[in-house]
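The data below hold one chain only, encoded as structure tokens and taken in the form predicted on its own.
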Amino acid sequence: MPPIIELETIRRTQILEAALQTISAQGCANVTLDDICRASGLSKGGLTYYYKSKRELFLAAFTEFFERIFARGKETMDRFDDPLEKLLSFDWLYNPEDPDGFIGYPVLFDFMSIAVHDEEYRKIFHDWVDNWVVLLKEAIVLGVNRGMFHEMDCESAARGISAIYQGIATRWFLAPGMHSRLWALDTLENAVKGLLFSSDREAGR
């Protein structure tokens, strides 16, 4: 039998994964603790030992989701040396067969609908966005220092690129008939280059 700490980590992971899968499939408003018990294979008592309420569980599940997506984004960016390639490396966000996207978009939109009226949820989103801004800003600063991008307010540009990703993703996921994967990737590249390169300078691509 694993040590208690290791077992608790396994159980929490099991519960959070079941919660995310269930929220993605049914929506927050329709999910009960009993649903998550069935999905995780745990009893009600087993689940509430780790999470005392639906709210506590949902907050932990959403936090886990955001941390997971951010970690994947950072890992993807780290594979590239070229600053522009770093900033355009999230093509997996627009892949309908990607498991993180398949589960993640319904989870994200459900989360955002709650965050409209809930300050605790909104803070999670705020912190997540700020983490992305820091990551994107590092790539922009690198490009400016290498003379690839024009001089700019790098934090403002990072916030702009973060918003571009989110806006394109929203259209691509919710209205795919009018916003294909190719549209998403082309629009992303054009918008990011428009922010990074001076109008009188070729992007070199």
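The structure displayed is predicted, hence computed values, not measured ones. Numbers follow the displayed sequence, beginning with 1.
The same protein also exists as the form predicted together with another copy of the chain; that form is not shown, yet it is the one meant from here on.
Exactly one of the stretches 67-75, 80-88, 129-137, 93-101 approaches another copy of the chain in the predicted complex with heavy atoms within 4.5 Å, and it is 129-137. Under a 4.5 angstroms non-hydrogen atom cutoff, another copy of the chain in the predicted complex lacks residue 46 among its neighbouring residues. Another copy of the chain is not drawn, but in the predicted complex it has a heavy atom within 4.5 Å of residue 163. Remark: residue 173 counts among the residues lining another copy of the chain in the predicted complex, judged by a heavy atom distance of 4.5 Å or less. In the predicted complex, another copy of the chain lies within 4.5 Å of some heavy atom of residue 190.
Along 10-27, a non-hydrogen atom within 4.5 Å of another copy of the chain in the predicted complex is carried by 23, 24, 25, 26, 27, in order along the sequence.
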